[in-house]
Structure formats: structure tokens, C-alpha cells
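Only one chain is included here, represented as C-alpha cells and corresponding to the form predicted alone.
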């Protein structure tokens, strides 16, 4: 059974090889579809690590089990080769396959409700222009009762009413369209209820996904962490800014999606996030440069070699610490997980990269991680509170499950 599962974590590198177009093919529509596929971050969920683009197989962890991205190349047996444009639009915006099967809402059709028909048709033209890949994706097989797809009809009625219209998005707010609809940022950055539905009354107020915090993206929250419009646009475009660099689930968003978007679209997204009258960024409170205590010594022994004793970092090696957005988050969750698990090396362009950061799971216990996290947050994150050892145990315990 074929399923279209266009999900992510906000946005897409369309690297599939296009087959020869028919003489009458609408080249402009195909190219527009390629761009929209990037904006919608389709590759992040429909391409397995090291696999053929859009051939499926990427695992998506949910509270109800693992869902796998499906093959959305135009293969007749395992892909969408026999889909009509109407079939594709229905799957994309309503989560329903041609045979009536309901898709799991890991595919963000609840956000894609608002995709215009013109954009849906452009996406369809692009995917149909790719070479078909005759490969069956790993099949999603959730435990009962979540395996009963017919129950999704009730879920959709309760949590996914299609209240959008079929207006041309060019007449609507471009930034909101990119953030809320194509980019589906709320799929990760909005909390969900016990049934897995986003809590629309708490739009972009942050959530925990894969053990990491997808931080709040409201204007006040962004300003509270020191974000300006120029820095936020730069972060989306380059994957790096004075606030740090993308890692965890946000790095694929940059790698597959935002780095390909036009400057005007990135600016529109920034405007949609910060609002018409952005709040002033909160200045970072100055802290003493003490090197006393366990946390300071742990930093000097384990971190200063890359980040510097002054925390200024090293170009193409390690990010700077002062004002780092991870340190400025209200919750220490992401900092604790980074210390415990480390970060893989990441490339941000031809010559821009950050080397791998080792995890200290085998070298630091919960007390030491708490001491280091406390010192980092107080020294360069503007916090006065301490990180509790019990909180660290809860975070690293959850990450080990």
C-alpha cells in the first residue's frame, strides 16, 4: 500500500535526477514545484539517510510508534506514478489516499490544508518529472489501537478541520504562508495534546521533540534570546549566526530547505515570526569572569580547547558561547543533552563547517553535568538559577531510553 507522507521539521534539498521532460512539459511549473518542495521540506521525511531522494524510508519517531516516510517518486508500484493531480492534492491537503486510506498525521496535512491548488499542481508536476525509483519504503506498522487507520476519521473531525480556502497564496501574507503552511514550523514548535494534535491556542510556544526542546518562536521569546531580524534571516540562510549554529532536528531544515530559499522569502518568514513591530532584543546581562568552582574547572578541562577560555569559539571549529541561544533558553534541556550526547560535524557551505563535539556521557555524571550547565548558563546565558541534578537525571535518562 502506497502512502504519501510529506512531514518534517520545518523545510528541502531536491536532489533527485529529473527524467527527460515531454516536449510540451511546463518547465516553469516544474521549477516552481522544485522550489516549493524545498520550502515544504519534503526531502527531510521522504529520503532515508544515504538513500535515493524521495524514495522514502526515513523513520519519524512519534509518541505512538515509528512512522516511515514513503516513496513519492513517480513509480507506478511503490510511488505516486498512478496519482492524478486531484489525487495528489487530496493526499497533500487532506491526508487521504486515492483508495480512501487515511494518512497518519505525522504527514502534516493539517498544516498543508492551506496550500493553494496552484502550488499543489506545481509540486505534482515536479515530483512527476523525477526518475521513478522502484523501491518499497519500510512499511509503517503501529501497535493496536493506533494501527486502526479508520479511527483517524474521528481524529480529523476533532482536530483537523479544513477551514482553509483555496485562495492564491500570492494575495495572502507570504511570510505566514511559508511559516505556517509550507514550512509547517508549528509541527515541531507548537505543543501537542495527549492525542498528538497541535494545541493551536499555543501556536509556536515551543515543544519537546526527540528529547530536545524545539524552542518558542513567538516574538517575545525570540527577542528574549537576543534575536534580531537580520540575525534570524542569516540563521535561516546560512545555518549560523552570532547566536550559534543549527544542530539536532533543525540542521536538516537548513540543509534540505532554508538555505535554498530566496532572500525575500527568508525576510518574509522573519517578519512573520517577529511581527510588524518586533520587540527589542533583551541585552545579555554582564557576568563576572570567575574561574572558580566545579563548573568553571569542568569547562576549562573539557570545553576550552575548542570554545576558548574566553568562550569566543574558533571559526570553522566551535561556536562562541556569549549570547549563545542554547545557553539563553529558559530550560537547560538542550544544553544538558548536548553536553551528554555531543553534536555531529556539520557543513554550512563550501568552506563553512563546525567540527564534531564529543559527548561526555562516559566522562561526566549528572552532578558534573549540572555544575557545568549551571556555570555556562550563568556565565554566558544571562541566568541566575542553578541546574538541578535531578533535572539532569530526568533529561539524560529520557535520552537513554
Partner chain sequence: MSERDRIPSTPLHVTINGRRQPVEDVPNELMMLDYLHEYRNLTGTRYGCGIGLCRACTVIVDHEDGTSEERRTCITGAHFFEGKSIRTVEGHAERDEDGEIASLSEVQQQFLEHFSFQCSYCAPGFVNAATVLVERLQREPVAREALEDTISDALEDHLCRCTGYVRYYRAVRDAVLATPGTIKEG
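Positions refer to the first chain, counted from 1. None of these values were measured; they are calculated from a predicted model.
Just so it is clear, the following notes concern the form predicted in complex with its partner chain, a form of the same protein that is not shown.
This chain is displayed alone, yet in the predicted bound form one of 196, 210, 279, 305 has a heavy atom within 4.5 Å of its partner chain; that residue is 305. Checked against its partner chain in the predicted bound form, the residues 85, 317, 284, 118 give one hit for a heavy atom within 4.5 Å, which is 317. Segments offered: 335-343, 36-44, 372-380, 355-363. Contacting its partner chain in the predicted bound form at heavy atom distances within 4.5 Å is 355-363. Its partner chain in the predicted bound form is not approached by residue 229, whose heavy atoms all lie more than 4.5 angstroms from it. Mapping the unseen interface onto this chain, residue 301 counts among the residues with a heavy atom inside 4.5 Å of its partner chain in the predicted bound form. In the predicted bound form, its partner chain lies farther than 4.5 Å from every heavy atom of residue 138.
At a distance threshold of 4.5 angstroms between non-hydrogen atoms, residue 309 is in contact with its partner chain in the predicted bound form.
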